[in-house]
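Two versions of one and the same chain are coming, encoded as structure tokens; call them structure 1 and structure 2.
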Structure 1
């Protein structure tokens, strides 16, 4: 099992040599492009991190949690997990901290903890991924993908809690 990655690596190099590709030159170009992309990505990521912090510090997170708790509860999502649902699209580490808190308060085998684990594992940090994917994109319509992602995340949250209730 430990030889799989080296074998894949050597297979790619062997294929490139067979195709008469200058492996070192291609590798160097790729690294150069990656460095340029990373430098273009830094301002966008800084903006996302600042917005995440402002979302929490401003009290907007707490206000949204209070406002949306009854809505999520009506949809089958425990009220205690509303904050996790709101934090996860913004911050992976923040949602992990909240998940740890839920697990310590409710125990690992409780319904709320099972839901929290499934929600944490089945969703993504939407705005971080959005920043990475669209950093170089010059497309004007960027709101539509975010709306689709947030809708599908909400739908998967409801379905995940329903499945946890059945299990």
Structure 2
């Protein structure tokens, strides 16, 4: 598996050389586009993270975790993982930190860890994607898609925990 990424790079570059493209010039032009692209994202990212930080520091996040963990455990999601389910839609790095913590506390092969891995691997940072994708669109109200995504993610969370039990 670890050969895939180098192979992708090599084959793209080899093909470009074969097509007589100036690889260095094209690559640096791409990096230049990346600078412009990231600069457009910075304001949105900062605002999103300020809100996440407020949510965390105000204790609302912890309160929500406490309130929802009985609900989640009734649905078959282990209580320890409620926090992961709640932060994953907001923060990729936060949930990654939590995932590594779960792995080191419970051992990599325990049920909790496997479940956490599947949850992490099968969901996305929904609100973050939302902010990045629609940063430059005029119509910002997309309640129906967001609601659909949250519903489906919850459904797949429940299924993931079930699947980990059987597989």
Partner chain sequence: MIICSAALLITDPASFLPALSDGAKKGLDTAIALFVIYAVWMGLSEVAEESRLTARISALIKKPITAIFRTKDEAAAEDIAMNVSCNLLGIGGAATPYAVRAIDRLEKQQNHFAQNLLFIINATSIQLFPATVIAIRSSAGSSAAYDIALPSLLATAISTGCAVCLFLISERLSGRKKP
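Not measured: the values here are computed from a predicted model. What we label the rigid core is the largest C-alpha set whose atoms superpose within 1.5 Å from one form to the other. Numbering follows the first chain given and starts at 1.
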Of structures 1 and 2, the one that is the form predicted alone:
1
Quick check: between structure 1 and structure 2, is the chain's rigid part containing residue 24 also the one containing residue 80?
no
State in degrees the rotation separating the positions of the smaller rigid part between structure 1 and structure 2, with the larger part superposed on its C-alpha atoms.
29
Cα shift between structure 1 and structure 2 at residue 45, which is computed once both forms share a superposed rigid core (Å)
2.5
